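Here's a solo chain for you in structure tokens, the form predicted on its own.
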């Protein structure tokens, strides 16, 4: 390792690959491009943009991200099969800094899947890593389920991969099985034992099944790993992956005991966290470290008193360090576009003129209905800005509900330019509204998720509603915020339907569905 590598930890983000494998988290092509641009801009060293062999949609996304990226290494995932590796190389070739990440399961349980002996698997590893290195100079190799692989065999295959040309060896804790002391010791022993290990970068890839992903990743760094694989908000399989925001801020705050640096602009963390939450449909839990709604909130009298006297009494980092403004928004119904743009910039959000126009109209409407407009209200408006062509639009909604009988919704919509109206009854105002939408726009989409979250406190608070729909194996999400929860619900439901329509028209049937199963990779 060079001197720079000894105190520098590379951040490898796999939100677009492992994160998207969360059931229901599938992103559209444009959303992937947007998230990749945000990751590139915030200083992520390596972006794992997808699994090119999985589908034509994944291949196109990786290819375009590779072409557009300005700073990050762009990586694609490939199984230990030559067609996978060739497809991956084709996808990342337009990147200024391409990487192929190839893997195979090495534990006894995973060796049984392809029914390979230890020797046969060793030959496969040598062949595929050599092939990948002949295509690109930057090759990463992973022994899937490394933490449950026999020690002698793990050393053997890591040595084979290094000799075959791997420049990064990633050690995945695929099922979140290990503990911090083991994580550190495993990396340390591999570096000390395997010939050539001191000449390459070791990476750690941890899952959160036992709630120790961040601790295990940081322990691996202490053991000698210099690349952390992680995702925004800890998105990922089952209980998720190591959260990027957690490891980056832990290294920043506790540099006294972890003297390592990253290239991440931490002030951009909150914005990308909210965007990933919006496009994935996975709401961040309020008490989530760093990016949760309550991460910098103080309820008890003792805490509030201490904060008023000295913020450091109960905060180990400043909200501003992660892109959070701790003050309420000093804007109202008389504020102009210039003031709104300036506030958005303070919050780390850059918008174009057309998007600003849309946000400003809705901001004015909100300011007329709320006594106080907070930063979180503005960010909610940004996250639910309309995107692309809308085949379905909400025009007007009236709901009658209470204890006197079934709720009734009178809904007026614009569908491809035509105004249509329906009146439906249902088990509550939201059910009646959704039935009215289906009456006007018949569809087979099944409601997978309906979630309501208050943006701020108070009875006049905006509600952010998330809706997830599934139709013929394709999942889409919608999200909207409004002081009227039923209106927000209707808008979110209609947005999700619009996304299904756009996907059918632009992508074609079956393209975005995964053509191979890759739910269990690293």
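Numbering follows the first chain given and starts at 1. Because the structure is predicted, anything quoted here is derived from the model rather than measured.
This next part talks about the form predicted in complex with a small molecule, which is not shown.
Asks: Indicate whether residue 174 is a 4.5 Å heavy atom neighbour of the small molecule in the predicted bound form.
Replies: The answer is yes: residue 174 has a heavy atom within 4.5 Å of the small molecule.
Asks: Can you tell me whether residue 107 touches the small molecule? I mean in the predicted bound form, with a 4.5 angstroms heavy atom cut-off.
Replies: The answer is no: residue 107 has no heavy atom within 4.5 Å of the small molecule.
Asks: Should residue 144 be classed as touching the small molecule in the predicted bound form when contacts are defined as heavy atoms within 4.5 Å?
Replies: Residue 144 belongs to the contact set for the small molecule.
Asks: I'd like to know whether residue 77 contacts the small molecule in the predicted bound form, with contact meaning heavy atoms within 4.5 angstroms.
Replies: Yes, contact at 4.5 Å.
Asks: Have a look at 124-132, 111-119, 202-210, 87-95 and name the one stretch with heavy atoms inside 4.5 Å of the small molecule in the predicted bound form.
Replies: Only one stretch qualifies here: 202-210.
Asks: Answer with one of 266, 214, 273, 170: the residue that has a non-hydrogen atom within 4.5 Å of the small molecule in the predicted bound form.
Replies: Only one option qualifies, and that one is 170.
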